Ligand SMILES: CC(C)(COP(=O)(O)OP(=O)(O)OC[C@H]1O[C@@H](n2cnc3c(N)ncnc32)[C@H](O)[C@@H]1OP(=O)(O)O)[C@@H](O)C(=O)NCCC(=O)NCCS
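Let's start with one chain on its own, the form predicted on its own, as structure tokens.
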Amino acid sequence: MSTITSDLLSILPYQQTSEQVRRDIALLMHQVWPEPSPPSMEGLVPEEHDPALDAFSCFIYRDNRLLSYAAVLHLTLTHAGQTFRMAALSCVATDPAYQRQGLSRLVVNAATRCIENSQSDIGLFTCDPSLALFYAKAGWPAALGVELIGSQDVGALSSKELGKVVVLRLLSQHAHGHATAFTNTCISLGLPLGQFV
């Protein structure tokens, strides 16, 4: 991908994006959620997504500038004695200079279509309480009474400790057949320490 045209919404597997796109994603993540040191513009491109999570990237460029981004992550989880294919929205971010233009809605809608058209049983992720209404309007209702934890390991991240709202959709017949397993429950993602959705 050499030149990106104006206002192009692209959807690609993250591992198939160019080094420049991955660098732009890392820079946007740093701009929206600053860390002590920004990603380098030279050398190794920082990986935003664990390859094991088979990420899809939905993003908008304007005049070769990355304006908005959302990822869809995929994993398999075991819950209530059943195995479920799960998809999660992650890393939703818009350049602060271009917020309130509907760009986040566009990438979230694109990511939502990816999830709906996948073979996933459930869509599951967390968000800040201030964003719960935004996601509800995009078709992602809050799952009251559900706690999400990264894993059963000591020190794993949890929605409760992070003050996050859990967002959940049942997508397949398999998930709907076990709907009661997703009410008033704690769901472990089985992720390595430090990872969360």
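Residue numbers here begin at 1 and follow the sequence given. Because the structure is predicted, anything quoted here is derived from the model rather than measured.
From this point on, the text means the form predicted in complex with the ligand, which you will not see here.
- Of the residues given (V166, L131, L157, L53), L131 alone sits with a heavy atom within 4.5 Å of the ligand in the predicted complex.
- Contact check at 4.5 Å (heavy atoms) against the ligand in the predicted complex: all three of T94, L103 and Y135 pass.
- Between 168-176, 149-157, 45-53, 25-33, the stretch whose residues reach within 4.5 angstroms of the ligand in the predicted complex through a non-hydrogen atom is 25-33.
- Put simply, L77 is far from the ligand in the predicted complex: not one heavy atom of it is within 4.5 Å.
- In the predicted complex, the ligand sits within 4.5 Å of a heavy atom of Q99.
- Within this chain, A110 is remote from the site of the ligand in the predicted complex, having no heavy atom within 4.5 Å.
- Within 4.5 Å of some heavy atom of the ligand in the predicted complex lies at least one heavy atom of C127.
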